[in-house]
Each structure stands twice: as structure tokens, then as C-alpha cells.
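Before any questions on binding or motion, here is one chain by itself as C-alpha cells, the form predicted on its own.
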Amino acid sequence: MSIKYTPAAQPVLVKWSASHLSNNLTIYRPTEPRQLKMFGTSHKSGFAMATVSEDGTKQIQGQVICRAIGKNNTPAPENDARFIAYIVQAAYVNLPVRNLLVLACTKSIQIYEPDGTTHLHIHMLDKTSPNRTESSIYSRGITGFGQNSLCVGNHQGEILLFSIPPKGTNIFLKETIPGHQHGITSLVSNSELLISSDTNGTILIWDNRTMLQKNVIEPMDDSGITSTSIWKNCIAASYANGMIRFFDAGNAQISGSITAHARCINAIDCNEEGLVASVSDDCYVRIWKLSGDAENLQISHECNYHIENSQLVGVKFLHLLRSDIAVSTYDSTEIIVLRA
């Protein structure tokens, strides 16, 4: 094991503690030199964020509360339980035309400017269409690709494709794409492909230019997928049973698998160097190194890091070309920064 982590002197502090949700950490990586990094986690119907200087010493906290929408899409009282929306996943999305904060909620999809100060769009989820497998209404899985495309998954196994303008609030639903028979758990994309996964363990591979399905990876067992990431032509998928499996995006064949954790894996993330970070309810952060390609994949274990008495719910690389990571823990207002 060649990577050793040291906690940063100052953790990132947010106002509300993180809920126990998969992928409950998002990082806004600046696209401009003078912009600051932002960290955020979800807590019930709120999103808590912190804007942090490069050395971590200066932090500005902020919060976003999900808008409660009543009948006829009119605002409802925030304390009316019938209309409260809870966040299932939150993500910063960097598109060439614009950067966004997207909240995938139980009743709606809500889109904001990255700092959360300006509400741009709300899309109410369809409550009437029957579903064979899901008893609740939710959206989950967020990714952006191309110049101005935003995708969000839902409980019906559909992918909602939104068109994002360079400025203003003219965000609209461009297409609803059916594909999964179960609720979507994760969406990731690169320059060519969109990868979607569901609660049954199915992975679909899409051409993100045409949004036509290219291939399908059938469930390997009865464990659902909790998180996905992609490196080169290799798809990484984590499972509720503690497994991580790697698949060839070209032919949908399995490239390798590891028994990564003793309990449910809540999040994984890949960087451009082939490092894979995974976190779990077992209190461990683990780092894996991928080399070769999907056809001749080699996997090595690089690091174990134990965070005592903590269920870990989110992990992100701070930089796509470095190994520093941030980790969020259930029921804590601290986001732990680990530097290699």
C-alpha cells in the first residue's frame, strides 16, 4: 500500500449533519483560477454547503432549503408535511455553458446557481404513472454532458434530459427516456457515454450524443448498485453487499471484481489517474489503483484509512489529477479532508 493519508488541520464545517444517503457529498471544482471550492451534503430537506479557501482556513457556510410545492404547482407552507420534499441526492454539475447545483428530491428536481442563492427551475415528478417495483416517488442520479445537457434519474427507471441555457431560467425538459425496470440509483458520463444503474443491479450503457442504448449489463446477484464511476473505458460499480465490480464499457463484459468492504458501500469516485476511492458503513476509506484498460485490467490495493465509529456516506477526490480526498460521515457536520 503506497498512499498514506493525513487529515487536514481544519475539517470543512457545514451547518447541518449529513443524512444517511448514498453519494452524500458533492464538490464544486472551480473552472476559473479565482473561484473557490465548495463542499456540500444533504440533510432531510436541506442542503448545507461551505465555500473554502485553498488552504482551508477560510470557510463561508450556506444553506438551501427545498421548495415546498402544493397543488397546481403553487408554493406551499414549508411546515406542511404533505408537500415537504426531502433530498435524495445533491450534485454540482459543471457544463461548458454553465455551472449548476442540482437537488434530486422525493417530489421534484430543483436547480439552482452553484452558490444556492438563485433558484432557476423546479420540475415536479409524475405522481400518476404506476410502477411495478417502486413504492415511493423520488429522483436520484445526476450528471451533465455535452455543452448543455443535464440528466436526472427517477423512481420509474426513466432518465429525464434537460436543456440548460447559458443564462436565465429557460430550463426545460427535452426528453424522458425509459430504460430501466427499477428505480435509478446512479448516473455518470464521459465525453461519449452515459452510464445508468438501478436498484436491481442492472447497468445500461448509452450513447450520449443520440441517447440510444448501446448495451446492457445484467445483475450479477441480488444486490443493488449504490454508486458508479467511470475511468477511461472502465465502469466501476459499487454494491450494497460490499463488492466493487469493473466492466468494459465497450462490450459490457466484467473486467474484475473485489470484495472491497464488510458492509454496504455508500459511495465511490474515480480520478483521472486511475485511483478509485470507496467508503462504507464499515468505517473504512479504501483506495484502489487501476492500470491497463478494461480488456486487461489490473487492480491493486493502495490504502486503508479507518475513521472510528463513523458510517461513511460520501467521498470525492479534491482534484482529478491528485489523490487528496474529502469524506462525509453520517450524522456529522464535519467533512474530513485527507491529504496524501
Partner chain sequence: MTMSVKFQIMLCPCAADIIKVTYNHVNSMRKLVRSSTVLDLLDKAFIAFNKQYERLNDVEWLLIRDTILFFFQDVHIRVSIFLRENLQTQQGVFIVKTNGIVPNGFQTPGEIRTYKRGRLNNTHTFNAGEHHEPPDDKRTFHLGLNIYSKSKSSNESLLSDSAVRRPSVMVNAASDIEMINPDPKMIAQLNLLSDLIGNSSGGDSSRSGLLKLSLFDDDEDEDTGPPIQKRPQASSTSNQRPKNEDITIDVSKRNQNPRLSHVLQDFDFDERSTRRGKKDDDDDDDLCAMMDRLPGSTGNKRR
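Numbering follows the first chain given and starts at 1. Since this is a predicted model, take the numbers as computed values, not measurements.
Unshown form predicted in complex with the partner chain; subsequent notes refer to it.
- Contact with the partner chain in the model of the complex, judged by any heavy atom within 4.5 Å, is made by just one of N241, N208, N215, N148: N241.
- Here is the short version: of T226, S229, T143, S108, the single residue with a heavy atom within 4.5 Å of the partner chain in the model of the complex is T226.
- Checking 91-99, 164-172, 253-261, 115-123 against the partner chain in the model of the complex, the stretch whose residues place heavy atoms within 4.5 Å of it is 253-261.
- Taking the partner from elsewhere, Q35 is found to have every heavy atom lying beyond 4.5 Å of the partner chain in the model of the complex.
- Contact annotation: I27 falls outside 4.5 Å of the partner chain in the model of the complex, judged by heavy atom distances.
- Contact between S323 and the partner chain in the model of the complex is not found at the 4.5 Å heavy atom cutoff.
- In the model of the complex, the partner chain sits within 4.5 Å of a heavy atom belonging to N304.
- For a residue to qualify, one of its non-hydrogen atoms must sit within 4.5 Å of the partner chain in the model of the complex; none of E158, H180 and N271 qualifies.
- Taking the partner chain as positioned in the model of the complex, the residues of 16-55 that bring a heavy atom within 4.5 Å of it are, in sequence order, S17, A18, S19, H20, L21, S22, H43, K44.
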